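In the structure tokens that follow, a single protein chain appears in two forms: structure 1, then structure 2.
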Structure 1
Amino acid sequence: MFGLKSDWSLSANDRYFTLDDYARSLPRWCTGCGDLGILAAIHRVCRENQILPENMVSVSGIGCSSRLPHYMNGYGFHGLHGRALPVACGVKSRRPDLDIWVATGDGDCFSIGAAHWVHALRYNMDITVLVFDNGIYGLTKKQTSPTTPEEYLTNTHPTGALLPPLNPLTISLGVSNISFVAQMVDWNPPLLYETIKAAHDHKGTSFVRIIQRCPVYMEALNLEMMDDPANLLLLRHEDGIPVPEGVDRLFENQLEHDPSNLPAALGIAADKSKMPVGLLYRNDEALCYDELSSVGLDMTYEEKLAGVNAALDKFSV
């Protein structure tokens, strides 16, 4: 049939969305940047789940990763440095019906936004948090970030970072009421898609750290990780991230890991000998704060006004 997009389905709903329906404007990331692959995976997850574009909200802070809302065809909020998570939690609290995506980076989330990161994990609102971690401040041109390796030379530390890099996985797993912690690399599209899909399908705050290539300021580190598969450890389990057929052959090191085992997840995250990829921890029973904070949204204007007046009356003398 002429005139139809090639990405169509015989069993389409009244409104069927293709990949183009989730894309907006031309990405301005550098050639070879891992952000491009992450964006493509997000678009694909949206297409597969047929998310209504008008029900989708992308929230970000500041950094290369935080340009994501400009490339998503839905509502977007490009916020202040480190403040993506409180904005996202605020949106979810007042509009629990919306599909919330958060794009943040290692500097945006783990440095200036560290307090918001910890508390957002504890709140466990139903949002998908993707951290684009390239181990460097890319947008501001090569400053040390919280995850920069000690031996790497930057503009702020020309002889190498003075402190060991922060471990986002052990910190996240140590937060009470955490419900979903995963890690993936951007250069494995099938696994990246499956990880983001599992994160989106999870009810609660899904925290996904994505090891992301920066070909301009962090090329040496990325090439080392990509060229030697022994650097990676694939986590497998029937309750973990589905591994597409044939993809497992790319991983020399594999481990059967039950994602409900928090102590084991902490041990894997703390092991510096290999970079784990897959689902480290999931708890479907964790409390979701948005279910508590959204109480009263069905109140009428008159009921809200009466409630405010009743509260003010308590201060009458």
Structure 2
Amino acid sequence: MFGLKSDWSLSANDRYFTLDDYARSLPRWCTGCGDLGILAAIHRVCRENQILPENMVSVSGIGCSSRLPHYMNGYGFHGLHGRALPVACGVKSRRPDLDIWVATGDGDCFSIGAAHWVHALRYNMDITVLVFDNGIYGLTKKQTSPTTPEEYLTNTHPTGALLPPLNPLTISLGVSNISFVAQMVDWNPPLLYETIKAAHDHKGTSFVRIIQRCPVYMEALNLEMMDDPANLLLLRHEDGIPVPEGVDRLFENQLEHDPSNLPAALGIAADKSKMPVGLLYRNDEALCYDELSSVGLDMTYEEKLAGVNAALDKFSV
């Protein structure tokens, strides 16, 4: 079997996988939900890279975002609220051969799972982490999330969210050993595809915050951003996210930003006046914890037995 890839190159694998091979059941997200576009982009990246479906593990927590494994072929782990990252890291720890996707949300990742978020970034295991950030708790119906804009009316803060929202970009960029931080919007499919592809291709933990529309509970916020592209700032660089031809015309604000420049990335992330889209930071040299945790995988049973006996010898009387 062989197949034609989207860039017109030929693939000569034994098995060729189409988009359908990466889909599972029909998504049950709301009509107009930004998650649908993210899912389509992930499927495209899988097809482009011809990932073996049986080697894919999609790990999620709880929330609208975390339904993703049910819509992905291969293996899925729809676990506990906030705990996708420890599970995903555990899968990778002794199975470096598996291709790990993590789907999480602003509540799941930045609130209940915040400790794991910070530490997973520091572990920098080779996994792709996509945060579906709609700025609200959707599944449980409109409670304030860490990224809900101040004064936005929610069911837990009916007179308006009390605190300024948390900035996931500055926090992520502040974590030592961070290796990939990107931000994208769900309503630009070509750029979203390129962003997720770059994230997946990166060796290490690629953290992508995706600004995602919730047409049911957070319509106002996203409409404003969609309607006025002046709110966005496109980050461009030859080492950054490739910008497909024509797409750049959508952005009146563009900035040449070298993704190896951490202080500049922090400056862009901290600037509240515009929402940056593109690659803020990448470091291909950062230490990957999975290379440490997978030590000894090639050991034979005879070597292990000798190891047990050597250990017992130390306690022998």
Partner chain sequence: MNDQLISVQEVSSAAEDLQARDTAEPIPEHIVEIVSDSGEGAQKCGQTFGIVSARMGNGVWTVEIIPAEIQPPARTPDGASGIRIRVGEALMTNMGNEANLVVAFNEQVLRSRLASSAYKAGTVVLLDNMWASDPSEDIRTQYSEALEEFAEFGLEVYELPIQTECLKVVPDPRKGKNMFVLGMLSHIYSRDTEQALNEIANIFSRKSEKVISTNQDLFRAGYVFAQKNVPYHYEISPSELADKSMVVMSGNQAVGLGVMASGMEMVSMYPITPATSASHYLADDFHLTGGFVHQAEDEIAAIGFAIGASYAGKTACTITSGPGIALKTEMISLASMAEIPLVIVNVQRGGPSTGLPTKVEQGDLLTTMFGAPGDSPKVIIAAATISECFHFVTLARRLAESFRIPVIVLTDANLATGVQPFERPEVTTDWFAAPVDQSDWDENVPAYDWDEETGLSARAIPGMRNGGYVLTGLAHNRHGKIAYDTTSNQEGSDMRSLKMATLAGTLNRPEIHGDADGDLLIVGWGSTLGTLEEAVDVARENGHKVSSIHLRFLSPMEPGLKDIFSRFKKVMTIEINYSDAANAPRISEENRRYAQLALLLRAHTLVDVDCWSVVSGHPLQPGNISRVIMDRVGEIGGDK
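Rigid core (definition): largest C-alpha set, two forms, superposition within 1.5 Å. Start at 1 and count along the sequence of structure 1; that gives the residue numbers used here. Worth saying up front: this structure is predicted, and the values here are computed from it rather than measured.
- Here the form predicted in complex with its partner chain appears as structure 2, and structure 1 shows the other form of the same chain.
- If you fit the rigid core between structure 1 and structure 2, you'll see the Cα of residue 25 move by less than 2 angstroms.
- The two forms, fitted on the rigid core, differ between structure 1 and structure 2 by less than 2 Å at the CA of residue 295.
- Relative to the superposed core, residue 312 moves its CA by 6.7 Å between structure 1 and structure 2.
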